[in-house]
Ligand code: 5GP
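The chain below stands alone and is given in structure tokens; this is the form predicted on its own.
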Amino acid sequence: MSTKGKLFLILGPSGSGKGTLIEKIKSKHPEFIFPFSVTSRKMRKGEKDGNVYSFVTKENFQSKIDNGEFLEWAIVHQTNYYGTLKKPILDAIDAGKVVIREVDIQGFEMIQNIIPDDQLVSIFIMPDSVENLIERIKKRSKISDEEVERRIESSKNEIKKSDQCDYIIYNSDGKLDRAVKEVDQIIAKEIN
């Protein structure tokens, strides 16, 4: 009997450790599907197109919106477009795969309208404190003061909506492995 496919959404404010947590899950579970994001933001040093992100122009992104290609999309931090292509995720779920995807709260709300509840699990990664979160955001490489402020404001809004998620995991400084283990346990429970 094959396992029913599920989409696991990882949410949380900027600086909560979502990306690092997902990388750890990816190294433990190469059998899971980790679809990339499409974004209009500029590529950062060390990034490769098609690894975590597919980088496109705003015009190309708008064309994909117009063609209904996104499961979800949003303008994040008031400047850049981010989205998740629909087809790779729906194909993976239909094939009985576990799909792990990082999204923001706007994306989560869109996806809830498309993916049936029995195929969708949301996990919110909560920082141990707002002060630590602000420090993590400020340590991000080469972002402007106004970008820091935008991210802090976005983070506060995301935290307010965390109770919409199925699970909340606390990612305290120095306790990433514990958070990874908790996410792993949630996935195992949900697919069995």
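Please read all numbers here as calculations on a predicted model, not as lab measurements. One rule holds for the numbers: they count along the sequence shown, beginning at 1.
Form predicted together with the ligand: not shown, discussed below.
- Although the partner is absent from this view, residue 54 stays clear of the ligand in the predicted bound form, with no non-hydrogen atom inside 4.5 angstroms.
- Taking non-hydrogen atoms only, residue 76 approaches the ligand to within 4.5 angstroms in the predicted bound form.
- Among residues of the shown chain, residue 41 is one whose heavy atoms approach the ligand to within 4.5 Å in the predicted bound form.
- Within 4.5 Å of some heavy atom of the ligand in the predicted bound form lies at least one heavy atom of residue 103.
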